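Form predicted on its own, single chain, as C-alpha cells, below.
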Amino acid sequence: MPYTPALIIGAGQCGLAMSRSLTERRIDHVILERGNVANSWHTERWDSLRLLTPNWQTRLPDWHYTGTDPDGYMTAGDVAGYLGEYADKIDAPIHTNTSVRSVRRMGGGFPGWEVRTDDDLWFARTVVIATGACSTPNIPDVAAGLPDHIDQLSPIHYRNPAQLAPGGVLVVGASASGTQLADELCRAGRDVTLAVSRHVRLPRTYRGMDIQWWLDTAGILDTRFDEVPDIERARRAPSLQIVGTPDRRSVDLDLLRRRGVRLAGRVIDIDGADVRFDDLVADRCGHADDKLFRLLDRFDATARERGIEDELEPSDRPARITVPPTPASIDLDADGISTVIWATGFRPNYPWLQERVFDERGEIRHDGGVVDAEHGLYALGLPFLRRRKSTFIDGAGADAADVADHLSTHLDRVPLVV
C-alpha cells in the first residue's frame, strides 16, 4: 500500500494551489485526477464559455497572466492550457486518469485514510477534497414530469445551439449560466423562454472599470467566512449574472427581454408538456435591483475614499428592470418548445466518501475547509469556503494556504503509527 502524508483529489485550480502550498511547507503529497489536468475545463464547458473574471485576475500562487489582453476573458480551452502550464511550472505530482473509488478512515486506531482507486490502495495521513462545487447538475425533481419527446440537458452537457433539436428552448435559471445560454440561443434565432428565480444582477463594467475590479478594490471578494453573520446563507447565494465577452457587454433580463426572450417565473410544477410558473419575477427583479444600487453606492464611496473619482468615468447606472406580465403556465408542445435546459446550479456528489460528514442537503459540513479536524480531512473550492472569492481561480491560492497551515499542524500533532 503506497503511503503519502497528504493526498489531494482533483487537479483543477484548487488542487494545484494546494499542491504549491504543501510544497512550500515541504510536505510530500500526491494528486489523484480522474482525467487530465483541469479535466472539467476540457470536457464540461460549452463552446463559447469564457471566464467571468478578467485575465489580470486569473492569479495563482507564483503564477499570473502575462499575455497581451489583461482585460479580456479566457475561453475554457485557454483556462485548461493555463492550468496545465501551472502544473508543469510547480512540478505537481499528479496521477492522471485515476478515479477514486472510496475514501474511508483507517481502522484499528491508525491515524489516516484509506483511499482506493481504480488500480491501487493508498494510505494517506490527510486527504484534501478539491473536486470543486460544479460536478453534478442540480436538476429539480419536477423535471421527471416532462414527456420523453422533450429533450432535457444541463449546462455541462450543452455545447452550442446547433446541438439542440429544432424548436424553441426553455432555459430554467437566470444566474450566470442561464442568462448566457438564453442570450446565445436568442442570438442564434431560437425562441427562448427564461424561467427566472433568485439572481444577482451586475453590469459588466461600471464607470469604465470591470465589475470584478470594483469587487476586488472594495475588498468584497476578500470578505472572510467568519466575518459574515449567516455564512450558510452566503454560501447559497446565486452566481453573478455576468458574462465574459470580447466586447465586455452586460447581459441582464431587460436586454434579453428587449431582444425577444420571454420571461417567466420559477418553475413550480410540470405535468406532461404543461409547465407552471410562480408570479414573482417582478419582485425578484426589484430585490436584485435594490441590492445592485446599494452595491454601486459602495463602489462610489470606495472611489471617494481612495481619491480616484477624477480618474473614473461618470456614473453610468443601469435602469431598473421593467417586467411585463409573465405567463402562469405554458404548453411546451403548443409553443413549439423542444428542449429544456436546466441552468439550476450544481449539487455536491461524493459517492466515494464513506464518512458521515454531510448535512441534510448532502453538502459537506466544514469550518473554513476543515471537514474533520481530528482525522485530517479537508475541502477546497466550495462556495465561500474561506472567502467570498473561494470559487474563483483568484481565490484558490489564499484558501489553500490557510488549509495547508491547518494540515501541517495536524501532521505535527498526530504521530505516524505503522
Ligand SMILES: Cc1cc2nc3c(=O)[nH]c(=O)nc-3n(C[C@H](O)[C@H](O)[C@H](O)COP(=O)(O)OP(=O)(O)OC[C@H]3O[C@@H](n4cnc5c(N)ncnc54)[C@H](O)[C@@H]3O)c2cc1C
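Everything quoted here is computed from the prediction, not taken from an experiment. Numbers for residues come from their place in the sequence shown, where the first is 1.
Keep in mind that the form predicted together with the ligand is not shown, yet the notes after this line are about it.
Only one of 62-70, 387-395, 366-374, 22-30 places residue heavy atoms within 4.5 angstroms of the ligand in the predicted bound form, namely 387-395. The ligand in the predicted bound form is approached by C14, whose closest heavy atom lies within 4.5 angstroms of it. Proximity of T126 to the ligand in the predicted bound form: non-hydrogen atoms within 4.5 Å are absent; the residue sits far from the partner. When the ligand is considered in the predicted bound form, L49 lines it closely, a heavy atom lying within 4.5 Å.
Put simply, S177 is close to the ligand in the predicted bound form: some heavy atom of it is within 4.5 Å.
Looking at 93-107, the residues that come within 4.5 Å of the ligand in the predicted bound form, counting any heavy atom, are T98, S99, V100.
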